[in-house]
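First comes one chain, alone, set out as structure tokens in the form predicted on its own.
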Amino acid sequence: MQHKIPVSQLGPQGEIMAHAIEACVHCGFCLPACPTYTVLGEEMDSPRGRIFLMKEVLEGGLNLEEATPYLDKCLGCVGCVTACPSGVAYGELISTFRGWSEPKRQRTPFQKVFRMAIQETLPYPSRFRTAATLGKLGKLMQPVLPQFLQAPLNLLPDELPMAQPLPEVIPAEGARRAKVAFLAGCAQQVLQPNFNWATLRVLAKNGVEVVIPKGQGCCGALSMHTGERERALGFARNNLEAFPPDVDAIITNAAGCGSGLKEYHILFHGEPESALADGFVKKVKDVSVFLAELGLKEPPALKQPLKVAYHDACHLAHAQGVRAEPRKLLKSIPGVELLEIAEGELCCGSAGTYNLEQPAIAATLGERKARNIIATGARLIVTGNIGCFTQIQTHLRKLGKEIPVMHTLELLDKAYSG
């Protein structure tokens, strides 16, 4: 099918957008897989509808301002990619379209300040810690604040864990089986530092030497998925330089970060660093995949049998296709009974900064996810992403359920430590 999209006028990412749009045959398999379509029931709030809108904007048949209300509601969860029989690269399309369109948008002064606050805070752990500490004061005024300001406060814990700086190297225990570099992440260093420490202890226990590059920074996913392409390129260039080449893998323990790193080849398409980014991407692995491939040292049995519900983070299950490996690790712990969550493929509503920018839809999805989790009868929920952890914990508590939530590697770490 011939397209009218002026690819040559759209910059280095035009080819990516045009290819994804052309692949869509408008079959509708994506509709039930889309969280916003499930909640809102509108065609333009589905992947198929959004592809039509983006095509019309790129061809000049529709003003950008007419399309953005629907495009902004997209979580970027890419559940539609899993459901699509035609292989439409919707995740690549929505990210590149946002990068192309953001400089052209007319945002209100408030929107600009709000987005700038997010971009200048979340990717920097020290700044985020300061902002989160100030947020505790904001909670005192929460009842009189508008909903868009209440949403970020609802996601903050009552008390922040103490800062736990990471060393530059964690040696392997016993014979070294592998050497990896580790991406520490941003928000989880502040909100849940034990995610990283548990990951490092489990890797060391399995004979893996871990290097934590001092010069690393944000993976760039937050900027990439909100249309701040130049900012994302800056973060990515820094990481291409910071991570050493002499490692067996580049490890992440956050689904969103891992997906962001794996999208460097898209981000750098048409850029001078394209070949370097391709090589970098080939080494990126979620920690569950790396350990499953390496072969896990069998953990001891838990002291008591435990019913565990595993939540699939969208950017593991859909964006990276990682579903079996976390379950394999959890099933390797004697005493764990693994339970599946109804509608497990549907996003919990976290989706990067989505629960900050679209709090009403995010809250609906969060409650839906929490109710499905409660229905399993699990005594513990396990996931592989800080955003999902925060969203699920928040909505379980709203429903009056204090079911603990952990990272996959935290449960493994607990099993090893007895």
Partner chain sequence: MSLSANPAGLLADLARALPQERLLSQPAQLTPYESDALTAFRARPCAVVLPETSQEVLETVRLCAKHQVPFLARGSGTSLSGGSLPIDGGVVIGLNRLNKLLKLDPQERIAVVQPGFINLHVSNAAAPYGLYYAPDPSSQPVSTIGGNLAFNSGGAHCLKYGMTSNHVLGAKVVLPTGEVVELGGESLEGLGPDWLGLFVGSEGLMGIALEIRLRLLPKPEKYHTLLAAYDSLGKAGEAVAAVVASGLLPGAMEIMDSLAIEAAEAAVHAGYPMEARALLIVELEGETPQVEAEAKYLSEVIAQSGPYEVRVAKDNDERMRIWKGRKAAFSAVGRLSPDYIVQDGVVPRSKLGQALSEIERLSHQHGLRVANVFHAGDGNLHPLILYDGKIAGELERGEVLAGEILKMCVALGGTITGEHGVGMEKKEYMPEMFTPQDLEAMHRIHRSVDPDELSNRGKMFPSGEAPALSHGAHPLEQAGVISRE
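Only a predicted model underlies this, so the values are computations on that prediction, with no experimental measurement involved. Positions refer to the first chain, counted from 1.
Below, we turn to the form predicted together with its partner chain, even though it does not appear here.
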Answer option from L356, A378, L53, I361, heavy atom within 4.5 Å of its partner chain in the predicted bound form: L53
Which of 347 to 355, 369 to 377, 387 to 395, 23 to 31 sits within 4.5 Å of its partner chain in the predicted bound form, heavy atom basis: 23 to 31
So in the predicted bound form, does any heavy atom of G87 sit within 4.5 Å of its partner chain? yes
Considering non-hydrogen atoms and a 4.5 Å limit, does its partner chain approach G60 in the predicted bound form? no
Contact check, 60 to 74 vs its partner chain in the predicted bound form, heavy atom within 4.5 Å, ordered by sequence, gives L62, E66, A67, Y70
